[in-house]
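Quick heads-up: it's one chain on its own, the form predicted alone, in structure tokens.
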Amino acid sequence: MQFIQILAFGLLLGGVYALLASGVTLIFGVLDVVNVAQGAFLVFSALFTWQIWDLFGFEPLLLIPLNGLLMGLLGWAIYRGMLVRVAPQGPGMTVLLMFGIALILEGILNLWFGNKFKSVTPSYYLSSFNFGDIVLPMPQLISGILAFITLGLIYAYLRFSWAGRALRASAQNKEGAALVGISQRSAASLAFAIGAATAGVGGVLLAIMYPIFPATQYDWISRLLGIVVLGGFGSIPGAITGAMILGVTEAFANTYLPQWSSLFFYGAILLILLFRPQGLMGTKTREDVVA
């Protein structure tokens, strides 16, 4: 029974990881940009959630649409105002730009909130859901369910809407998409906005699950990049699969060997990449094939 409980907890954790990583891999798939500022976006959203909760006692989950919209607008503005100008200089410059944005956001958060842990503790923070002998913490259960729902909405949007199909076409073949009238700049703007919006939603979920302070952005971006590399850059199904594997791995490690949980998390990534360097659902490039 304990095995089932740990597995359920790991899948919930993996669902949250999958939502957070989906934004990174979507941005890379359309823009070929590694958004190393995604961790800072997450922490920004989480601390904003704490601030509203602390001042007004507002139910944090009700901030999900607002934070998603605000972070989506921020992402759109960053792409239109800065990234579009730097992208022609190559991937190295875009990584430097996004790293600079992450440092600026962290500095602003340090000045405003201080380098101290902030915790959002709503009424259900210490509650749990009991299903027979299985006991799941309510914050993790709520966050996991909402993460799966959000992922489903993103999938439906990308699968069935015209804009979503345009994004997928641009990710698969930019030149071909341009030939049928799809604007690469518009597709890139939308992809970056959606990717940043997932950080807005994810930040609310993190705020009710974990204590947050500005420098935790480094921990989160390292986890997200690990998940994206494991799943294969640009593959949302790969990111989801990788997140589930790592969520379950971390849950079992935290139960039986908590002091080694980080080693198991990154060790699982290393072990899988030894046998499949392109990631679980990544594709080999022509250079890989030649090699």
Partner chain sequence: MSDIVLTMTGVEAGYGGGLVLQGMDLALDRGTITCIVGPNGAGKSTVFRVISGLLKARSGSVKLGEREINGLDPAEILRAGIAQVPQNRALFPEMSIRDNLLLGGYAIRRDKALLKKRTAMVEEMIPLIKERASEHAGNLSGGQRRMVEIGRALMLDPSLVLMDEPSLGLDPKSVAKVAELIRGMAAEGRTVLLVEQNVRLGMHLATHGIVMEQGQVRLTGDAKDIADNPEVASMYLGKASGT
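Since we're looking at a predicted model, the values are computed, not measured. Residue numbers count along the first chain shown, from 1.
Although it is not shown, the form predicted in complex with its partner chain is what the next lines describe.
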query: Its partner chain contact in the predicted complex: residue 130, any heavy atom under 4.5 Å; finding: no
query: Partner proximity in the predicted complex: residue 166 to its partner chain, non-hydrogen atom cutoff 4.5 Å; finding: yes
query: Residue 88, heavy atom within 4.5 angstroms of its partner chain in the predicted complex; finding: no
query: Heavy atom of residue 173 within 4.5 Å of its partner chain in the predicted complex; finding: yes
query: Interface residue in the predicted complex among 78, 154, 177, 208, criterion: non-hydrogen atom within 4.5 angstroms of its partner chain; finding: 177
query: Candidate from 84, 182, 73, 141 lying within 4.5 Å of its partner chain in the predicted complex - any heavy atom; finding: 182
query: Residues of 251-276 having any heavy atom within 4.5 Å of its partner chain in the predicted complex, listed in sequence order; finding: none
